[in-house]
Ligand SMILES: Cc1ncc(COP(=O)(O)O)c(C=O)c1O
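Below you'll find only one chain, the form predicted on its own, shown as structure tokens.
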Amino acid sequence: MSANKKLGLRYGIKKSDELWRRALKVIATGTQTFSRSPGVFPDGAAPKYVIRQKGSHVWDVDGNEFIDMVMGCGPTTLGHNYEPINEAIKKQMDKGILFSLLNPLEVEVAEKLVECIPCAEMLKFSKNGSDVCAAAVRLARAVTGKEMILCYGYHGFQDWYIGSTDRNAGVPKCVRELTKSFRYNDISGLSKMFEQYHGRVAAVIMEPVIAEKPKDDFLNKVKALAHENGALLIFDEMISGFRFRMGGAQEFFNVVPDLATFGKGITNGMPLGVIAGKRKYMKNFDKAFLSSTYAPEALTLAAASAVIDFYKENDVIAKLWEKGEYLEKGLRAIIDRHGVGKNVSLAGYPVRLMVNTHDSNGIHNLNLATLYQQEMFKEGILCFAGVLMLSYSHSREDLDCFIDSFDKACVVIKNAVESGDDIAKFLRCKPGSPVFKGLRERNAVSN
């Protein structure tokens, strides 16, 4: 039973499972987002449908309550149903949602983002991260006249990127061959790729930080290497933006890219993708086409404007770091106390902390990851098997409850490992299935 008696699977998941059976009949793959689906969460030990949420807590369709450490897959940095942002949306709704001409909010939000994103001299909006990452790649190709893209991390569902993953069905071979991935902190390997594709690389696009911390000035070396070879550097700041700093990892590490993409965190859950960059590159969008009917949708821009103001007025970034540091300290103490460091470890930074479950050789163990989630859900914690998404709304009580639940999960993991039995015997659910197997094993994706 959870330390907080209100939390956890008190009422079962009968309604969740019934909805899932219905979904499989009418929705392709059963879900709109793989990262929200059974497999990523322990099927049989976790709810599948959430019906209500407030602050840092959610309630599923069966009435179970959980502390949410997923926060809408990352965008909800202030908290669910956060009143100041809701009010801004409601006020805008009375004025209009989608206008027939330009909307002053486009200028207002653009000016505010230019102020807080180091690389931003100009920007454009779209509705999701996939679109603006694809636009950044298209722009880099237009500017350089080259075609090859070198990437690190996750950059959405468009052909140029997804063709480089193990989910590349339907992507033409000629497209798949134009994007190659590199390893983080391996500047030598990246240099060899530039040699291999000499004169052909348009851009390096990367998440500036995921699990590993940059070593030996890695990010600056990537920037120098790209520029030496006539390529642009693009930072995908979907998760690092409005977490490490308002201006993202580029502000935190003081490495300014040529272009950057943002989205999660700017609107507290409303759909927005942003591509920002230097004027000399961004002005080429008169040739590299990016246009969307819904890009200037006003409810989202009203939310963005309110979020930016709230961040500045309430020092949100400092609070996120403070909460993350408290959590990290508590989790590290538990790992040490139980001596489970060979199988459970932390990675990343306090504002993007990752829990890794692995064999003693450090290789990701899917059954251990599932066991970890299974035990956390039992205690009332909704979480990925990887990244923890903190929000401004997470209270000290929430964090203490997470730490207590993690303590209990580590005891179960220790017992399972020391038993010598197959870890699967300790599961009361189906083993997990990460969205991208290869990326998860390399810590090149957050979950």
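Note that this is a predicted model, so its numbers are computed, not measured. Residue numbers run from 1 along the displayed sequence.
The same protein also has a form predicted in complex with this ligand, omitted here; what follows describes it.
This chain is displayed alone, yet in the predicted bound form one of 251, 207, 297, 258 has a heavy atom within 4.5 Å of this ligand; that residue is 207. Contact annotation: of the candidates 232, 109, 222, 239, the single residue with a non-hydrogen atom within 4.5 angstroms of this ligand in the predicted bound form is 239. In the predicted bound form, residue 265 stays away from this ligand, with no heavy atom inside 4.5 Å. Interface membership of residue 119, defined by any non-hydrogen atom within 4.5 Å of this ligand in the predicted bound form, is ruled out. Within this chain, residue 155 lines the site of this ligand in the predicted bound form, having a heavy atom no more than 4.5 Å away. Among heavy atoms of residue 181, none comes within 4.5 Å of this ligand in the predicted bound form. The stretch from 241-249, 95-103, 330-338, 126-134 that comes within 4.5 Å of this ligand in the predicted bound form, counting heavy atoms only, is 126-134.
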